[in-house]
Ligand code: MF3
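Presented below, as structure tokens, is a lone chain in the form predicted on its own.
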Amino acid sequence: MPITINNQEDIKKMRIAGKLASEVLDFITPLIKPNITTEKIDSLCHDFMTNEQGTVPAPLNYAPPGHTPFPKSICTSVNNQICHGIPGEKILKKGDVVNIDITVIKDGYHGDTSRMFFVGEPSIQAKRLCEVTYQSMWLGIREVKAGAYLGDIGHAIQSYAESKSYSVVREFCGHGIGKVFHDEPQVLHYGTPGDGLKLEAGMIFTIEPMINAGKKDIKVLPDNWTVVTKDRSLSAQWEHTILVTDKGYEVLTVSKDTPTPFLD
């Protein structure tokens, strides 16, 4: 399948969609407190997207081949949940960590981003895992430029995460995005420098490493969506949507309260 090279009009629309997705996370940040349910988080985000932004929540009723429609507007993955957690009656408690994954559609274009949140004061282990995952995402992002390779991104993420004694989930990856929610290329979060697709200016894709405190093995729950660590260890994920430019990259999922990058 050919890789989409976006024109200036596409890129303009993707900047708008990306900012809007990030603004949903800005909106919900002060509301992530002990005793809120993931269902309530979903409801608040849904109302903000549809009523305030005029966007469409892309996950709602999303149904790739072989899946039942996803029943909610966002994904909430708590503690040992890796990704695709379905919001529900679960009450968040002090010490929990939760990934909130937002994808909005605006004028036919998708903006996709996620952040980790601490519920109250996290454990030292949880805080470190979330920081290492955030760092690994940024090390991957900084490999992006025209002429680089997808393997460069995956290697940067994998080598850093594994140097901290964590593991990288293999079954899920970043993806091309634009008018289509999940498009080519697949952006693996592990790999070898110089391997894979050569990047060209105008490509847009997500980088969204899923890093486990324990082993990399996963398990899919009976709802056929929620993915957890097989050994029940904590997992963390961060995600940005990235544009490849001639000189490097542009992060499209940026808003007023987007966390700033940091390096060791």
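Residues carry their position along the shown sequence, with the first being 1. All values reported here derive from a predicted model rather than from experimental measurement.
One more form of this protein exists, namely the form predicted in complex with the ligand; it is left out here, but the text below deals with it.
Just one of 156, 144, 187, 75 comes within 4.5 Å of the ligand in the predicted bound form, counting any heavy atom, and that one is 75. Annotated contacts: 127, 160 and 235 are all free of the ligand in the predicted bound form [non-hydrogen atom within 4.5 angstroms]. In the predicted bound form, no heavy atom of residue 48 sits within 4.5 Å of the ligand.
Using a 4.5 angstroms limit between non-hydrogen atoms, residue 182 touches the ligand in the predicted bound form. By the criterion of a heavy atom within 4.5 Å, residue 103 is counted among the residues contacting the ligand in the predicted bound form. Within 4.5 Å of some heavy atom of the ligand in the predicted bound form lies at least one heavy atom of residue 59. Between 193 to 201, 213 to 221, 59 to 67, 36 to 44, the stretch whose residues reach within 4.5 angstroms of the ligand in the predicted bound form through a non-hydrogen atom is 59 to 67. Taking a 4.5 Å heavy atom cutoff to the ligand in the predicted bound form, the one contacting residue in 195 to 214 is 208.
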